[in-house]
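A single chain, nothing else alongside it, follows as structure tokens in the form predicted on its own.
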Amino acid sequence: MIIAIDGPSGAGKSSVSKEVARNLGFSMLDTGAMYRCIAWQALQNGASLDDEAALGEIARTYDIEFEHEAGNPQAVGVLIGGVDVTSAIRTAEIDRSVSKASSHVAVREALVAQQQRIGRAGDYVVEGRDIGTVVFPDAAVKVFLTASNEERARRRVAQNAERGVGSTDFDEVLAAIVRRDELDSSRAASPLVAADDAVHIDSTAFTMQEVVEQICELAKKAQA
């Protein structure tokens, strides 16, 4: 079974997906990390993020792998071309670069093929921006998770402060979130949009656990 959780940056998709997977005994497939890997590799190669041909070649050439530990639904390691980039892809520089890298059709086509191959092998919670519309259009459960711009900025600031990377200036983070929404929603390749049959959940007024419970209930109904 595939549970697809889509939504804009900062809506809580990663945290919610992790807990849903843990509750249901599923694994997580972090597609966002895969696009971050391409952005990181492009910067390492000195390739322009505007060069679709170069980034598409990277996406086709470099294998992306996830390392897992028994009993942990979340990957503990991310590698591209055999290089551990678990921490390297979570920097402010990659935050600024990933939307551009993921906007290219060639990149998305190459990574979608990898995602589909992994997802068909078991029970996965998959989060991203086009999971229910492009990657797994036949997913048993589709959720579009949102939150207000201000709430998403507040969460991102707290997350950045906790991990010690990225900006902790609220106004700067809020502006970056709005800018990324515009980029993700207007791109030609797989724009951020809710699937017609997705269940919309606005997490602004809910705790994370309340959102997790709602999605787990949807999964149990789908299994039944």
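Numbers follow the displayed sequence, beginning with 1. Quick caveat, the model's predicted, so the values are computed rather than measured.
Another form, the form predicted together with ligand DC, is not on view; read the next lines as being about it.
Contact between Arg180 and ligand DC in the predicted complex is found at the 4.5 Å heavy atom cutoff.
Put simply, Gln41 is far from ligand DC in the predicted complex: not one heavy atom of it is within 4.5 Å. Ligand DC in the predicted complex comes within 4.5 Å of no heavy atom belonging to Gly56.
In the predicted complex, ligand DC sits within 4.5 Å of a heavy atom belonging to Arg108. Proximity of Ser99, Arg156 and Arg187 to ligand DC in the predicted complex is complete: all three residues have a non-hydrogen atom within 4.5 angstroms.
Screening 195-203, 33-41, 58-66, 164-172 for residues having heavy atoms within 4.5 Å of ligand DC in the predicted complex returns a single hit, 33-41. Contacts to ligand DC in the predicted complex (heavy atom within 4.5 Å) from stretch 118-155: Gly128, Arg129, Asp130, Ile131.
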